[in-house]
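Starting off, we have a lone chain in the form predicted on its own, written out as structure tokens.
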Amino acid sequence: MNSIRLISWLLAGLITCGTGVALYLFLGAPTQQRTLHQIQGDAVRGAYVLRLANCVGCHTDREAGEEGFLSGGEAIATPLGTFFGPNITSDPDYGIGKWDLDQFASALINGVAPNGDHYYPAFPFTFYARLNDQDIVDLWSYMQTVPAVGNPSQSHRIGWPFNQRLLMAAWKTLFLSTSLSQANESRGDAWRRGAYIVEGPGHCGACHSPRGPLGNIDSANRLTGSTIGPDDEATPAIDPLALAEANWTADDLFWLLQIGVLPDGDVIGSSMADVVDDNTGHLNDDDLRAIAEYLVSH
């Protein structure tokens, strides 16, 4: 009788612990609440934030001409499946035309759709979580000026169990940080601006960092390169040690980001060429030099 009672208590304990862990994982996903409606948006500046965050690269069909702009991106192959950037034009049926500012912000910083579905980390909400309030509102102001394109988004091609979006709640509990980075007051304005761009909207680490088996960024080795980046493309290390060993200077990085020219005079290829075309080539000189300063010295 005592043995049966002991086994019953053990089973009850295991069930209780298991339930607690499950509740923690699936209900404990961190979220941010921002107060944004009192902020005046600037659509012109928002167009710049769009390039800063490289939204164009993943959400645009380059083969479709003007109608391809932000109306749905090309395939991005990863070890966990193939992802497609959705239509984010102002179309009310196929884009984000029915969204409001709060829904837009929650998608960016919490990785949650208006219907409550969780986004996959192929959408870099883990980086956009660091966006400041003004950038979010300005970007939202610009998005409302984007012409509507009635192009349905393509469905992701993901195998089981990764196609179960509910699992992303547990993923976020484990890997999503909602704490905003504190400015390093010992550094200058340019370095701090570079840190914000690289670690936030620019999401450089999304491609240039190794990932764990669940698609999480290996934060201990961020920016040290990846052997399996998007479309199975290896990406180089861009941390200060690797850049110094390769004799890269801040000026070298500036020219690469601005016009895609390498230190030896050759031009950059592969997916980084698209990043320059869609993203960094549209940034002002101050931001490019800030990015370069941060990368060589953080």
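Each residue number is its position in the shown sequence, starting from 1. A quick note: this is a predicted structure, and the numbers were derived from the prediction, not measured.
Not pictured, yet referred to below: the form predicted in complex with a small molecule.
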Self-check item: Triplet Leu101, Arg130 and Ile217 all within 4.5 Å of the small molecule in the model of the complex via a heavy atom
Solution: no
Practice problem: Name the single residue among Gly68, Pro240, Pro30, Pro236 that comes within 4.5 Å of the small molecule in the model of the complex, judging by heavy atoms. | Solution: Pro236
Exercise. Counting only non-hydrogen atoms, choose the one of 169-177, 121-129, 184-192, 144-152 that falls within 4.5 Å of the small molecule in the model of the complex.
Key: 121-129
Practice problem: Answer yes if any heavy atom of Leu295 is within 4.5 Å of a heavy atom of the small molecule in the model of the complex; otherwise answer no. | Solution: yes
Self-check item: Proximity of Glu63 to the small molecule in the model of the complex, heavy atoms at 4.5 Å
Solution: no
Exercise. May I ask you to check whether Val44 falls inside a 4.5 Å heavy atom distance of the small molecule in the model of the complex?
Key: no
Quiz item: Is there a heavy atom of Leu139 lying 4.5 Å or less from a heavy atom of the small molecule in the model of the complex?
Solution: yes
